[in-house]
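In structure tokens, the next block holds one chain alone, the form predicted on its own.
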Amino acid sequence: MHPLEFVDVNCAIGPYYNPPPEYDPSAQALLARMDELGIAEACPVALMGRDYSPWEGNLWLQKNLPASPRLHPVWAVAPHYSGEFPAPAELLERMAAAGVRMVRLFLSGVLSFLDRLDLPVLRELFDALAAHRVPLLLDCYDPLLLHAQELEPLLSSWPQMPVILLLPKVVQNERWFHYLWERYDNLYLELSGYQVLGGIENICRRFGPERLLYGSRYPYFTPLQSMLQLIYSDIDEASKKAVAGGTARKLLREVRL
């Protein structure tokens, strides 16, 4: 295991409509990759939850993810009004029974359930998640669809719900995050799409290392990419440990289900 004790908050397993070459959808393949690179823990979601049905993806994950202290299942979430997904109260009960302490909302994917952050439709779900401090992985396929005007109402209305942005590429659009980080403690950014020169150092200096979380975007990317990005960053060892896994473990411990 690597001394930084990495926790991968952005990884996925299971059937996929357009898999990478030689893709193995199993949890065992993820564990083997973790062992190869020394990753301590991971928070996998089912790709079916994005490309087919959020609830069917959760059921697949529940059936196919082995019980392990190294694996923290992540369920895809969606509004319940169409009858395709459980209402928030039932969802929380089933999450508690399945040991799920983190959820993921897919936006604007190829076949995603929702194409934008529609807060009125998501209000009941977010009320329930915030009441139990469940972290929300906000996965937006197109980073240009999310701006401060969408995120500020989310962060201000549900301050007890940690919001972790998963964006495919963060470059100059990182600048407006600073406005939100100055005002809201519940906004986090995952590393795999972060491509700002000196950005890790700048964020840690201005806002603290707890704003960043390690993630790999497995199986599309190698987990080694963002591992090396953090390992060779010019921040102190305590900050590296926080980004690598310390903050993720803290967020998981704080969930009340």
Partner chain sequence: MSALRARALAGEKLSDVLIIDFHVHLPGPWAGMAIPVQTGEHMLAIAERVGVLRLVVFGAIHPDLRATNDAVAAFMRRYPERVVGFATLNPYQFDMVAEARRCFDELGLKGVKLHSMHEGPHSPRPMSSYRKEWERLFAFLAERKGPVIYHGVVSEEMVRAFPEVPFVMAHGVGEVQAMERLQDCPNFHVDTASTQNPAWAIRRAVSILGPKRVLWGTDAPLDDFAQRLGVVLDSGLEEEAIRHVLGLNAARLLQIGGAS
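This structure is a prediction, so every number in the text was calculated from the model and none was measured. Numbering follows the first chain given and starts at 1.
This next part talks about the form predicted in complex with the partner chain, which is not shown.
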Whether Gln62, Arg94 and Glu237 all lie within 4.5 angstroms of the partner chain in the predicted complex by heavy atom: no
Distance check, Arg50 to the partner chain in the predicted complex, heavy atom within 4.5 Å: no
Phe221, heavy atom within 4.5 angstroms of the partner chain in the predicted complex: yes
Partner contact for Val196 in the predicted complex: the partner chain, 4.5 angstroms, heavy atom: yes
Exercise: Glu174 in contact with the partner chain in the predicted complex, heavy atom 4.5 Å: yes
In the predicted complex, the residue from Gly99, Pro168, Pro159, Pro153 that sits within 4.5 Å of the partner chain by heavy atoms: Pro168
Partner-facing stretch of 66-74, 51-59, 24-32, 199-207, counted where any non-hydrogen atom is within 4.5 angstroms of the partner chain in the predicted complex: 199-207
Heavy atom within 4.5 Å of the partner chain in the predicted complex - qualifying residues of 204-237: Arg217, Tyr220, Phe221, Thr222, Leu224, Gln225, Ser226, Met227, Leu228, Gln229, Ile231, Tyr232, Ser233, Asp234
